[in-house]
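The chain below stands alone and is given as structure tokens, in the form predicted on its own.
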Amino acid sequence: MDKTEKIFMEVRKAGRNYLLETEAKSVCMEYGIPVTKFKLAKSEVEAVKFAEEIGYPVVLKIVSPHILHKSDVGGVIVNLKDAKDVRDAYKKILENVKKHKADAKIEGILVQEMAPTSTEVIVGAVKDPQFGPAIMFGIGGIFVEVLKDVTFRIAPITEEEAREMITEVKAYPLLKGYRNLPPADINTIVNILLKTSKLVMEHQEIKELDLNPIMVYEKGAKTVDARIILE
């Protein structure tokens, strides 16, 4: 059994059909999809230790099976620059979560590197009852949320299809560099699309997958947030 199957089994055992962010990112790593550096802290002391290992600035995020929309409950604090920031944020997040749901089960707090801002893209997958898994691509932020500027292909996709998907979105010119944004590493995006396709083909129990945002740089990329829901 591969590591991904093991993770899915643990999730089922815990009576969930969705992965915690730590689990979703571990699955991404298994498939060579680049993610931000992260560690799960179980205490304030650990959070500071991990922040120092990862390197400042860092982001703290709540990891709880009862909190799906972390930002809505004050479960995410970004741009922490030193140990004091981390300690304060750790306390604040726990306080916010308790206010929102006093009995929330807390697995820990995710300490992750603060990925430098850049062009954001989104890669997703959804399982269609008729056609099976379909892969989605879009430029992040307002383009996805407001303009629904996304494109789909039935998996598995070829490299040629991955490249077509990228050029099909209306906001594609942004990836070639715009004003103060450098051109984005298209080959890395192609690679992420292909690896996502492989993941959902090999694990047909994935109902939805959402890598959003992925920060794409001139060289390489980092998945900042990952969500996987099982059937």
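Start at 1 with the first residue shown and count on from there. Predicted, not measured: the structure shown is a model, and the values here were computed from it.
This next part talks about the form predicted together with a small molecule, which is not shown.
Participant: Have a look at V150, A83, M114, A134 for me and say which one sits with a heavy atom within 4.5 Å of the small molecule in the model of the complex.
Facilitator: Contact residue from the list: M114.
Participant: May I ask you to choose, among L175, V59, I189, V63, the residue with a heavy atom within 4.5 Å of the small molecule in the model of the complex?
Facilitator: Spelling it out, the residue with a heavy atom inside the cut-off is V59.
Participant: Under a 4.5 Å heavy atom criterion, is V97 part of the interface with the small molecule in the model of the complex?
Facilitator: Result no; V97 lies far from the small molecule in the model of the complex.
Participant: Taking heavy atoms and a 4.5 Å cut-off, does I7 contact the small molecule in the model of the complex?
Facilitator: So I7 does not count as contacting the small molecule.
Participant: Since only the chain is shown here, I'm wondering whether E21 would be in contact with the small molecule in the model of the complex (any heavy atom pair within 4.5 Å).
Facilitator: Yes, E21 is a contact residue.
Participant: Look up in the model of the complex whether V45 has a non-hydrogen atom within 4.5 angstroms of the small molecule, and give yes or no.
Facilitator: No, V45 sits far enough from the small molecule in the model of the complex that none of its heavy atoms falls within 4.5 Å.
Participant: Tell me which of 125 to 133, 155 to 163, 75 to 83, 89 to 97 has residues with heavy atoms within 4.5 angstroms of the small molecule in the model of the complex?
Facilitator: Flagged stretch: 75 to 83.
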